[in-house]
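Form predicted alone, single chain, as structure tokens, below.
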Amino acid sequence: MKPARILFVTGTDTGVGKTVFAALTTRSLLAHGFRVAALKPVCSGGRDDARQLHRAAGKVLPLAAVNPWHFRAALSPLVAARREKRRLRLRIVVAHIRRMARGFEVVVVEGAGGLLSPLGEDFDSRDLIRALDAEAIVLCPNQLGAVNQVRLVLEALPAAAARQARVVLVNPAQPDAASRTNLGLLKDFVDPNRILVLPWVEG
């Protein structure tokens, strides 16, 4: 069987809409007939993001498989794990994702925080993208500073991932001059075919 295509949803920061986008993407893939799973391997604080992905994929995997590493403190996963005297390594997370991907055509993986936010003792989302040979999807709030933030994340991605990465500008509830002009400016630096705009989603 052909290995699953892995879509890795990351962002320029925490709270930029990664879960909303990952859930919408998962539902869309299901509606188009794909065998799809959604994972949030590492999270800290609340577990609502993982539960949303669990539901979006039709509960095809147990919640414990969608989110095997959950740390209670609402801090960086690395710090939250250390508070619980736990240590998380890249190879263990990669092995879990590859194991869960068996039998699926597409796996949507959501990172925690921004691209370089530490997830464990020796890795962040960039390391996961590289190890999984995943396709990166970079979310960024469509506000003043977005073009700089997107360019910084694309520069930080592994070269192979940066070449095919998609960028998603997440529109604000109330557009302003910056949000109306960011798309046009970003097209000067990123292939327009790799840029999407996510409308504001209430709730």
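The first residue of the sequence shown is number 1, and the count goes up from there. Here the structure is a predicted model, which means the values were calculated and not measured.
The form predicted together with a small molecule exists for this protein as well; it is not shown, and the discussion that follows is about that form.
The closest heavy atom approach of residue 186 to the small molecule in the model of the complex falls outside 4.5 Å. Remark: residue 3 does not count among the residues lining the small molecule in the model of the complex, judged by a heavy atom distance of 4.5 Å or less. Contact check for residue 14: a heavy atom falls within 4.5 Å of the small molecule in the model of the complex. The closest heavy atom approach of residue 170 to the small molecule in the model of the complex falls within 4.5 Å.
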